[in-house]
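Have a look below at one chain only, the form predicted on its own, in structure tokens format.
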């Protein structure tokens, strides 16, 4: 496979009506992260968040992989005190996962091929994961003596339960997209040729919905992982009050009563 040109962007940005696609673009390395790609992705996400016309975000991969985590040939992966186990996680991966979870817009992972290591867990940090039928998810960390990071030890038990989470993490076996859907790890699996159209339809649908309401849904669902029922009920009360004060709620009510499609105002 030919080497990627030095000046070729590591993140491809495509602006579409109502949303953006950010594609990992190191296909010769199965879209594994190097330092350049970390910085490029962070900048691309910040730019998308600042654009009020962007109401959904897609993470995708070029070539035959979604993302295979950290490039073990990159200096960020060198063994030692400042290796992946500390500085790289603190500087890049942990802020990325936190950013994806707290972005005030839906984030869709379009998993076109293998998602391994941190690449798998970055996909799972997205709000909706759509996978091509040929895709797979691999918690590959145990193969090199590491633990699942990028939120893997948090998300896996919550998505598939302790038994399956431990099997995935300890054995590091690939999980097919079809099994990932059956286990509740992802939202949906589609035929390979239908992936782009499926993701486009979801993003266009999200772009037509009340943006502030979707952002509040993300906040409520994330908080539920650590809240007691009483605390979550109080949070629902507070967020519902905030949602009902937004003009989009009034528009939604008017559209329902007038039997028409609503015209929501978008991100504030």
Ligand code: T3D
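Numbering follows the first chain given and starts at 1. This one's a predicted model, so the numbers in the text were calculated from it and none came from an experiment.
What comes next is about the form predicted in complex with the named molecule, which is not displayed.
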Close approach of residue 61 to the named molecule in the model of the complex, 4.5 Å, heavy atom:
no
Heavy atom of residue 55 within 4.5 Å of the named molecule in the model of the complex
no
According to a 4.5 angstroms non-hydrogen atom cut-off, is residue 116 in contact with the named molecule in the model of the complex?
yes
When the contact criterion is heavy atoms within 4.5 Å, does residue 73 count as touching the named molecule in the model of the complex?
yes
Using a 4.5 Å cut on heavy atoms, which of 188, 158, 98, 143 is close to the named molecule in the model of the complex?
143
Name the single residue among 32, 211, 48, 199 that comes within 4.5 Å of the named molecule in the model of the complex, judging by heavy atoms.
32
In the model of the complex, which of 180 to 188, 162 to 170, 135 to 143, 104 to 112 comes within 4.5 Å of the named molecule (heavy atoms)?
135 to 143
